[in-house]
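Next up, structure tokens for two forms of one chain, structure 1 and then structure 2.
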Structure 1
Amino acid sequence: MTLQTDVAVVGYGPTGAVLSHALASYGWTVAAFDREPEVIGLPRAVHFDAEVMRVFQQLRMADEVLPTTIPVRGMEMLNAQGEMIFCYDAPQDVGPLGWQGGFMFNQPELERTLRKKASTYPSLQVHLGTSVRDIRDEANGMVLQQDNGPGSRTTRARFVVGCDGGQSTVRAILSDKMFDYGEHRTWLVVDVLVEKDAGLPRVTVQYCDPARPATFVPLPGRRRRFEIMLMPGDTAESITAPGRVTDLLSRWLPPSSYSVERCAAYTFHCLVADRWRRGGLLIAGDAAHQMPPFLGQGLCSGIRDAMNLSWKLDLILRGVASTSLLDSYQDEREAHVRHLIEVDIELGNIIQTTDPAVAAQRDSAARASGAPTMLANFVPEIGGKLCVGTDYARRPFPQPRCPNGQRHDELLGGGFALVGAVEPSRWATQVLHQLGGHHVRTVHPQVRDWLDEADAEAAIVRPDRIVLGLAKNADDLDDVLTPLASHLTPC
């Protein structure tokens, strides 16, 4: 039995599901495969940011996702004496991307919501309980061999994207070489269901105690997370023993006030694959990069990968762009991911130090500075050569609310948009038409303020809501479009 599809997605966690849905929303046939027969019922990732909620908005599922979340309220860092060395109060109002800055969630609930949404796309087929064991690049496309229970199946696809996690089968086929930052720390992760609030904090707390660093995370409903670093002499087996877990949690909760939902020792890695693409074979999410948990950006980064890939694959499948456009994928996303990993490592070093003398210096420096400086710039730019300019380009375009309550992205549509009063040249008009873009001439006051701050009259916004570039006049628009136009096929 052979299945024909435009894109095969291996791994149907959040990254694979978002990529599948985005491609299906363009009308392409997608076959998604996951070796698990159903959603893994244990919580894993617990945070995503406003940019990811904006993606769910774009996929028309924010209304389903939002009720299963709680907003991030902030973070405290306490030293061994319980003194505050850093406090961050997260704004609770809507931010520049149209949503609150961050959300806490339960991954199984999110995955069930994503899978329910899959039924709304006729061109998307999801194959659960199916392992991909081989992928070959042949003259007429990619060929996958799958195992499905007692039988096997062949799938032919134009492109294959591996979203199959840290132990990625697709990455092993593509290239299993990884850049290793050398940061590998093992933590005990305990998710509990509390009988009552029990006076636990309403914000995330980092206990920066060199004797035993720990983290507390408030989650939706009755769920709470505790992360406790393993120390010399600890093993995964010893620290996950029920009596040991009860003892470790006793600083927060009496044993009768909670039930343990999950308890496991995890080693967090800082890795980046050296190669994210070969021909029609690509990787995304944890298959391409892994990072510590302190910034809560692992899942967010995978979903950004998915949205970056989706519009590029759409242009190629439509015959508008050549496959050379995919050369920009790793260039753009790896720069962003590496920035986050390096900030995460720096933050982790503050939290995880076990040397009392280093901790004392840290505490003194934090008191003097008022906050860790690495948290000041949390919106890194994407890399690559497609986008023109820096500071305002290469970052997400703002999304204010319109007077009628509509979010501004609804005016942009799902493709490219030229936002502003600059009239494009004939050549730029042809390029925008080829891209399926349109011109939004009436500018929202907040967007106008943003353009003024950027000293620009117009912006070109990509389908993933990243700013391709800014312009003061028609010549500037030509310059912004030229790098992307070099990948387009002749009209």
Structure 2
Amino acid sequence: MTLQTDVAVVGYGPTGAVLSHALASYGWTVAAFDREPEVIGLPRAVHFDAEVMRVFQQLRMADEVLPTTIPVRGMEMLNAQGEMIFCYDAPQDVGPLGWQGGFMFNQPELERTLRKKASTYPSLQVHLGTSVRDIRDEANGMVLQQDNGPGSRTTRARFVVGCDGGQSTVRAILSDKMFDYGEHRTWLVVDVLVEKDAGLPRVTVQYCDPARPATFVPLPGRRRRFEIMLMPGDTAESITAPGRVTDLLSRWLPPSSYSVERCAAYTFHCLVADRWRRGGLLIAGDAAHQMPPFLGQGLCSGIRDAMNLSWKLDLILRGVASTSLLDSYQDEREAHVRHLIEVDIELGNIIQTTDPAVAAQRDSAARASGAPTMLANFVPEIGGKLCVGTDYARRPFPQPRCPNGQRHDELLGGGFALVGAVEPSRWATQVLHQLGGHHVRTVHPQVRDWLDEADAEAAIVRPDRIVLGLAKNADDLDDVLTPLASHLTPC
């Protein structure tokens, strides 16, 4: 039996679920496959940022997600003597994207919420306990071969997106070459449920102790996370043994004050796949890139991939754009991901050093400055040729609150928006019409300030809330739309 669908999504983790959800919300038929019958219960992501909460807002699920999170409170990095050498003070106010800067959460719980919300779309069919083992590119679409117990079925789809994680089958079919930054460290990760708070820190603490680097992370409710680096002589088996875990945690908690919910040893890698697309076959999320968890950006990056792809696939499936638009996907997302990986490696080098001499040098440099170095927020740009300009373009558009309490994105709608008082040329009006965009002429005072800072009168905002470009006049608007328009089909 062959199933027909617009898009097949292989892997229904956070990346696959967000992509499926977004595509189904555009009205496309989506078949999502996951080899596991349930969400993966391992201790994995605990942090996502404001941009990701904005995606949940866009997918109409922020109200369900928010109560399961706590805002990020900050981070302290301590040396072996307990002196603070670096810190990050997380602002507690709502930031420029309409949400607090970051949230702590529990990945399996978030995935269940995502799945529940996505199940309200009749055009999305989810096949759990179903492994995809082969994909063929045929003249009239991609054909997937899947295994679900005794039977084997096929699915025909116009596009297939592999969101099937670090060991991706789809990546292996596409091209298994990956760029390896050469960072491979193994850590024990333990989630515990505490009886009461037991005096644990309120912020994330990185113990930059060369004898045994470790991390503590406060999480919502009674859950707390400990991450402990493996040292010479440790093995994944020996360190996950219950007695050994109790031993290692005794530095923070007496054994009677908590229960271990789950623990695992992971080797973190910094990898970027060489090729993210061939024709209608694509990869996203951990299938395309992997990074250590110091910045808490692996899942966030997968969700950004999904939102980048969803509007492009929508335009192509609608016949508005040609498949060449997908050439921009890897260019845009790879630049962003590489920037994050490179900062993650720098942070990891501070935390993970096991050389006492290097640690002593690090500590004396920190002491010399008299106070702990404050870590600053940074927002990477996306790459590629679709967006015009840098600094303000290629980054998320601000999201203030409107006087009626609405968040500004609700005013912009889900598609393209031209925000500002510049009147577009006839050609630009036609392009915006073809894209399904609309013109918001009344500029919110905070958006006005942002435009002034950028020395612009108007901005074009993409459906993934990234700024396509800025304009002072109609000619600039034509310039901003030209690269995107080159992928649109003639009207």
Ligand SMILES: Cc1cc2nc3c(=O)[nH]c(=O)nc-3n(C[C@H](O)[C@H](O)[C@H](O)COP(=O)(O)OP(=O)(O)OC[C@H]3O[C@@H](n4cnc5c(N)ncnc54)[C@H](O)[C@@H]3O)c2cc1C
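Take the two forms, superpose them, and find the largest set of C-alpha atoms that agree within 1.5 Å; that set is the rigid core. Because the structure is a prediction, the values reported are computed rather than measured. Each residue is numbered by where it sits in the sequence of structure 1, with counting from 1.
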Lone-chain pair; form predicted alone identified as structure 1
On a core-based superposition, does Ser364 travel 2 Å or more at its Cα between structures 1 and 2? yes
